[in-house]
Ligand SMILES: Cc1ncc(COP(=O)(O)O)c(C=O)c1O
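Only one chain is given next, in structure tokens, and it is the form predicted on its own.
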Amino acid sequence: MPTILERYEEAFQKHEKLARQAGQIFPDGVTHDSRHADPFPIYIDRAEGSKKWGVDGREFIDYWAGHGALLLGHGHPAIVNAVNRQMARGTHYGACHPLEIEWAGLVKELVPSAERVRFVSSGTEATLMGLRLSRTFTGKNKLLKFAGHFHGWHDFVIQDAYPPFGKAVPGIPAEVLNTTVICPPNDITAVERCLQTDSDIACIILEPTGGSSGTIPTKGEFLRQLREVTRHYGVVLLFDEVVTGFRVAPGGAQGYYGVTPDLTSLAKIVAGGLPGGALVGKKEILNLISIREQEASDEQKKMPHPGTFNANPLTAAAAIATLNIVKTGEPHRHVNRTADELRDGFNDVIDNHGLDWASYGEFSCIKMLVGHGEKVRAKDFDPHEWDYRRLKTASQPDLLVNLRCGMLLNGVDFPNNGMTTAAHSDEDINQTVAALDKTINWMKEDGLV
């Protein structure tokens, strides 16, 4: 019998041909680190609902969800219609337009911290802007972030986003690295110790459900503790809700947990699945961008903020259509239920095979640890009891490669960290669980588990 990887190479020959072409153009042949795959990635031709189809016509149930940007699934009719209408009217006016006001109004209505809104073009831009505004507002220079939390790839926040923790990211000057303070996640004592001993910290930034969309989970109590300690020390609290905004709940994680930060970075769903993002927060902080406010001030602390595609009308149209559905709360009930069912189904399969694997996560996010080496039933796995470094590194790379290829052969595109959308059906969930069972059987035949 052929191995999983041999089956994969035989089944996806058209994809391999494209991968060879891409390898002559892009580093590693890809345009995003997470799209790198061994032995080669798949290539998608179209998508609709919970499905996408490869260049050879093969169908996949999709759990990438557009890197988290798609809460409603692919090609939702309301979004497609809105974008088509706007495309005919113009994609970029180089001017103010009514849609940006309607879009911002929806953001302000839904997000508790959104006293003021400023649109940007990506999540990385939103966090970068939040940090610069925090420095401008406080007059301090440093930020505090948590190991394992991801806030975009700019110099100030990429350190310790990925293992191996403590290793410097190349290309960042030491002077910049020295302005970033790294704390272990979920340790309020360590945070307070940093604030007591360093009066130059302007901002604390974190993913409010935990590092890498909850791979290293955080509890609501920690968020409440952070809110209290940042107020006490006069430090800006910035929730990075690029993933969690409008996914966890209509008001994001801050709405769900009832903890309101000073600033919030948004992207992905806020832009309706198109490129775009926003920074929202307290009026007195966001107004540091204001030309009028700063002209009237003696301090003259105006922070410049241009951006060619800020609030472009095409993205605004998609966003308005999306957020009008988001505010009903119905998509969240669906995605959370289907994710619960998928995690439970995965863990039943894992325990039936007696493997040291586990599926975990909260809300619509599904995480997988594969070959973690511990004797614990998957259904009893509690990530809060694990060291954060192991949650990011415990899976065996060779098992992950074979798992991904086996799932694709069985019609499921499931990354190690997947998400459900409002388009996923019960049939999709059942088929995905069956795909995992069949893939594990193949891995046993190959002597991998």
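If you're wondering where the values come from, they're calculated on a predicted model, not measured in any experiment. Residues carry their position along the shown sequence, with the first being 1.
Unshown form predicted in complex with the named molecule; subsequent notes refer to it.
Undergrad: Heavy atoms, 4.5 Å, the named molecule in the model of the complex: which of 100-108, 236-244, 280-288, 177-185 makes the cut? Say which one.
TA: Every other range fails; the passing one is 236-244.
Undergrad: Can you work out which of 150, 309, 360, 363 has a heavy atom no more than 4.5 Å from the named molecule in the model of the complex?
TA: It is 150 that has a heavy atom within 4.5 Å of the partner.
Undergrad: Just one of 123, 261, 130, 272 has a heavy atom within 4.5 Å of the named molecule in the model of the complex. Which one?
TA: When the named molecule is considered in the model of the complex, the option within 4.5 Å is 123.
Undergrad: Residue 268 versus the named molecule, in the model of the complex: is there a non-hydrogen atom within 4.5 Å?
TA: Yes, contact at 4.5 Å.
Undergrad: Give a yes/no on whether residue 160 approaches the named molecule to within 4.5 Å in the model of the complex, heavy atoms considered.
TA: Heavy-atom contact with the named molecule at 4.5 Å: absent for residue 160.
Undergrad: Going by heavy atoms, what in 206-221 lies within 4.5 angstroms of the named molecule in the model of the complex?
TA: Sequence-ordered list has one entry, 207.
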